[in-house]
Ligand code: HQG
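A single chain comes next, written as structure tokens; it is the form predicted alone.
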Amino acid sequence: MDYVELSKEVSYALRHAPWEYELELDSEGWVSATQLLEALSNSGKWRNVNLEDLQYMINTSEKKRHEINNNKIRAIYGHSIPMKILKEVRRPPSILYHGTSHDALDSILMNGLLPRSRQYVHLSQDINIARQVGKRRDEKPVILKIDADLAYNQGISFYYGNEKVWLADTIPPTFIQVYVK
């Protein structure tokens, strides 16, 4: 079984188009794993996927995009569905990073980081992850340094995405600097 492809299919179903799979997500983005498995089985390619396959997909995934708890599964972040997946506010690490394109830099420095088509702004504790994300849009991305400690102390909410990703509703330009080695 191709677990990378399965992860992409599950991400699409949970993050972007649950209605195409007739999934009913709760207010925190959870859906019955049984319901997801039934929806996947309706497509010939994933007919034999079971709960153990989903658990293996999650455990071996480098990006940690999903979680299972009490026979429910959800995508941890990256939703583009209209409902907002609620997250618990947490104190972030003092510094976070965001990779972006040179084309977006002026707008970000003027307006701050905005979620755009996503529900949250995605931030990283790790410069290399921020660089990797930024490379999706720019071969040599700009790395932004976020003073998360100051932002949090001034009322900006941060949410724990997973061990690699932190989320925020927005990051005003006051807390953003271009990172220079």
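All of these numbers come straight from a predicted model, not from anything done at the bench. Heads up: residue numbers just count along the shown sequence, starting at 1.
Absent from the display: the form predicted in complex with the named molecule. The rest refers to it.
For the options V133, I58, V49, I143, the residue carrying a heavy atom within 4.5 angstroms of the named molecule in the model of the complex is V133. Put simply, K45 is far from the named molecule in the model of the complex: not one heavy atom of it is within 4.5 Å. Looking at S107, you'd find a heavy atom of it within 4.5 angstroms of the named molecule in the model of the complex. Heavy atoms of L36 never reach within 4.5 Å of the named molecule in the model of the complex, leaving it off the interface.
At a distance threshold of 4.5 angstroms between non-hydrogen atoms, L114 is in contact with the named molecule in the model of the complex.
Judged by heavy atoms within 4.5 Å of the named molecule in the model of the complex, the contact stretch among the candidates 149-157, 50-58, 24-32, 135-143 is 135-143. Residues are counted as partner-facing when one of their heavy atoms sits within 4.5 Å of the named molecule in the model of the complex; in 1-33 only R15 qualifies.
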